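One chain is shown next in structure tokens, namely the form predicted on its own.
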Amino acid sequence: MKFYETIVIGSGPAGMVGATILGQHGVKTLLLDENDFIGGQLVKQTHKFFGDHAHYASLRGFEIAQKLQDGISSNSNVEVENAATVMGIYPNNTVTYIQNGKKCKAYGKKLLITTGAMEKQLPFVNSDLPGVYGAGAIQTLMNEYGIMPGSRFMIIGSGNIGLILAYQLIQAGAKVRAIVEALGKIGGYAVHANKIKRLGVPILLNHTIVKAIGDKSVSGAVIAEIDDKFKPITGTERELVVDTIAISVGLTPLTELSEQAGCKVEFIPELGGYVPIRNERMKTTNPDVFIAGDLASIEEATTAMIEGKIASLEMVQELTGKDLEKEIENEITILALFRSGPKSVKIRSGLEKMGIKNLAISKPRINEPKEDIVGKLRAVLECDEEIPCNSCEVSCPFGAIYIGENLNSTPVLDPDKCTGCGTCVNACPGLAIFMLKEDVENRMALVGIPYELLPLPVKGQKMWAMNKNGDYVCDVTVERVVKYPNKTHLVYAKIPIEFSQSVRHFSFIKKESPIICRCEEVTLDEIENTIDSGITDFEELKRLTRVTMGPCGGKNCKLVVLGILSRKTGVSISNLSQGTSRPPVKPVEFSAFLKCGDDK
């Protein structure tokens, strides 16, 4: 039997921070984890994290894991046991685990359980086929072991995990056919969703998967629209050709060890399901047992780290008699600040059910934009959702971006102070900042786009400019590429000034011609060939190709078609005729005219 003052079970962000704090205060600590190396879910996360810089905002997950690992490895009071699978917790805080095929025992005066959560499953026909994975399993295969489980993916669930997985798959060269979401709104952060949409991935709301298609493995999937009772609507079924289905419908805490330790567990859906009851200092109904991270509530890595710190500080105080009240209260306030935004409403409600009152924190504010300066190279902030992050504000060396005390507030740019350096673009975890400079006289604009895909474009390369929904807008030539060590590069290109607020991605030119008019399925090649034949009038182009004559009446494609015409003829869009708008402006049934009578 090994004896320790504290035993930490689980080495994710909460466990690593907790073990580090305990060790720093001279508490002899054992850190147990079933994996071959510590880091938890962080080691397979390649995206940059939100939050503040005190909690590693703008660093990628695996970079955060390395920093936390370094803090533990330099701490002589913390003993790490990897590949140690905890079997159970027995009376007197006795922890048993298997390591190298042998059963081991350890005793701790206090326990910190940070076992995290597991992915929820979704029942559907043929869900047992090879090719159906949890989102986390795909991240493990792809980002830890370099194994791509498929080439054409469909993702079920539009929470942050599903959105992040879609982006990581595209970065790895895979195709994501669609993200399917049962609710009528996207579950994750808007900035994550926007990254996916401008890469051309559709997010299908009010849809679900009906069944997976295949004999020995997945070869497709049937999806359908659902009603307000989440039942598939007959006649709306359609097939997607995919070879991999990723399930990302949420997480549920792993409570088994806390239950064995005698902690009271209750079902609180706002926190993720069954969770151990605890107080604001992370102490459970067993006074020797503390919890933190996703075991306590399904949230972000930042809140897990703060909870790990709160729990460990309270444990140190009880074990050593040190007065750490001010530090603990400060961390509780910081945690309340992170949870003060609208995205944490459910968490606050769940905590209240547990008897934990939420601190009164000033509400995040939507800051009023300042007057823009057209013609100056400056940042464009497209982050209007109240999420806990101030990376742009902290990164700006000139104080041009303001968020304020509550980091859930929306950022606002002062164009007078902005020098166009692009530092904020590189720092933004949501890729929600772009660079813009208009040349009004020549009707052109220089746009700088954050770029995290391979291969990286080079100066002089021809590319397609894509809009916020991943649709073709116009051809561009790369003006310059600014490389950064953290792999969020800046690619600049000139575009017609009319598209300065719509172009948000540069794509390599594909062999197949993109569809410009989706209603009439008119491609770029068809439009260009018609113009090359001598047709330079928009109305003629419209009659010959049927562009803008579909159900949307040109709302989606008219400006793009005018941009193509402008590029091919050299005439500015502002000097081109946009054609004549004719009724009806929206599709109506012919029966409506019959009911009006002959004289109407």
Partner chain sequence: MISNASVVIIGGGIIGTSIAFNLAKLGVKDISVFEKSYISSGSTGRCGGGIRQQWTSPMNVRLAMRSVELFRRFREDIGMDIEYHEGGYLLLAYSDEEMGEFESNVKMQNQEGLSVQLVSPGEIKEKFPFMNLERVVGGTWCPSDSHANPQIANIAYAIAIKRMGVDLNTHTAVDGIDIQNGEIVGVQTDKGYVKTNTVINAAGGFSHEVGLMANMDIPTHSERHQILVTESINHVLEPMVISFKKNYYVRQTMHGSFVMGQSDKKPAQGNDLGHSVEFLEEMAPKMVHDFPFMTHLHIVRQWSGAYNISPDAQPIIDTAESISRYIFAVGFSGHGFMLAPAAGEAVAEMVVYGRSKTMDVSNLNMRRFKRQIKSEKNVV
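Positions refer to the first chain, counted from 1. Being a predicted model, the structure only gives us computed values, none of them experimental.
Another form exists, predicted in complex with the partner chain; not displayed. Remarks below refer to it.
Looking at 31-39, 60-68, 527-535, 566-574, the stretch with residues near the partner chain in the model of the complex, meaning non-hydrogen atoms within 4.5 angstroms, turns out to be 527-535. Interface residue remark: Lys558 is not counted as part of the site for the partner chain in the model of the complex, having no heavy atom within 4.5 Å. Taking the partner from elsewhere, Arg546 is found to have a heavy atom lying within 4.5 Å of the partner chain in the model of the complex. Put simply, Phe3 is far from the partner chain in the model of the complex: not one heavy atom of it is within 4.5 Å.
Interface membership of Gly26, defined by any non-hydrogen atom within 4.5 Å of the partner chain in the model of the complex, is ruled out. Out of the listed residues Glu382, Glu520, Asp475, Glu256, Glu520 is the one that sits within 4.5 Å of the partner chain in the model of the complex by at least one heavy atom.
Not one of Glu452, Trp464 and Pro485 comes within 4.5 Å of the partner chain in the model of the complex, counting any heavy atom. In the model of the complex, Gly553 is the single residue of 552-567 with at least one heavy atom within 4.5 Å of the partner chain.
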